[in-house]
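Next up is one chain by itself, shown in structure tokens, the form predicted alone.
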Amino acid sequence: MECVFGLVGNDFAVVAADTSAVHSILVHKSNEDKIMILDSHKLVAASGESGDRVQFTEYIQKNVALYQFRNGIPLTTAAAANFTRGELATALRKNPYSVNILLAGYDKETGPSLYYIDYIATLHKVDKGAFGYGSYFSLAMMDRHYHSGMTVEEAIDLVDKCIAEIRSRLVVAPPNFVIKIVDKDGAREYAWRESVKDAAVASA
């Protein structure tokens, strides 16, 4: 029951994701960070099969770093999104990844942006987006409350409303969420919303 969503505000973008690692009826852990810091000013929030999600996002992260190392300048958010879409499209004809991505970034020239990239390599620039079962509720909340030029406080309040709606309406709702933000000061973790903490394993 994965939930990944994000939105663009006034000079920043924010993304949130559940932190549950599950398989079938088992919860393996509830503190899995599904939002990768791609580089200093980009975030990748991913949902999908655990192996594909980790392998593909790390592959994109290392290739973006390699480009910057070779050329001395970082990729723009749009360029990183198009590169990611291209890699998904190439893999789609060979060994497809079951990964859906929200890519958020901040560029000096164009400001904040958010890109929606699904597992069949569809790419759209959006103001708000979501993946997973939680998207039914988070998209509804964002349609109702989102407006352009939101402040950080307004955006975080909307994220909290989405999380509360998912927790109250989704039949098997993930308990914990992580929120990250990217703006002119860079990409960073903003907060965790936890209702369950992983218990320490008792030593035998």
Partner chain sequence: MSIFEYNGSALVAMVGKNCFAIASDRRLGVQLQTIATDFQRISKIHDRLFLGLSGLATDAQTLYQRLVFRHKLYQLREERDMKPETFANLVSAILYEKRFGPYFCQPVIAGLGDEDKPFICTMDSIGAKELAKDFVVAGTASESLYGACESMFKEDMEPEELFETVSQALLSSVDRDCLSGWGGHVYVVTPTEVKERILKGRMD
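Just so it is clear, the structure is predicted and the values come from calculations on it, not from any experiment. Numbering follows the first chain given and starts at 1.
The protein also exists as the form predicted together with its partner chain; that form is not presented, and the subsequent description refers to it.
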Would you say all of Met141, Asn176 and Val196 touch its partner chain in the model of the complex, counting a heavy atom within 4.5 Å as a touch?
no
Using a 4.5 angstroms cut-off on non-hydrogen atoms, would Leu92 count as touching its partner chain in the model of the complex?
yes
If we define contact as a non-hydrogen atom of the residue within 4.5 angstroms of the partner, is Tyr116 a contact of its partner chain in the model of the complex?
yes
State yes or no: in the model of the complex, is some non-hydrogen atom of Thr76 no more than 4.5 angstroms from a non-hydrogen atom of its partner chain?
no
Interface membership of Tyr146, its partner chain in the model of the complex, 4.5 Å heavy atom rule:
no
Look at the stretches 47-55, 166-174, 61-69, 132-140 and give the one with heavy atoms within 4.5 Å of its partner chain in the model of the complex.
132-140
Sequence order please: the residues of 107-123 with a heavy atom within 4.5 Å of its partner chain in the model of the complex.
Tyr116, Asp118, Tyr119, Ile120, Ala121, Thr122, Leu123
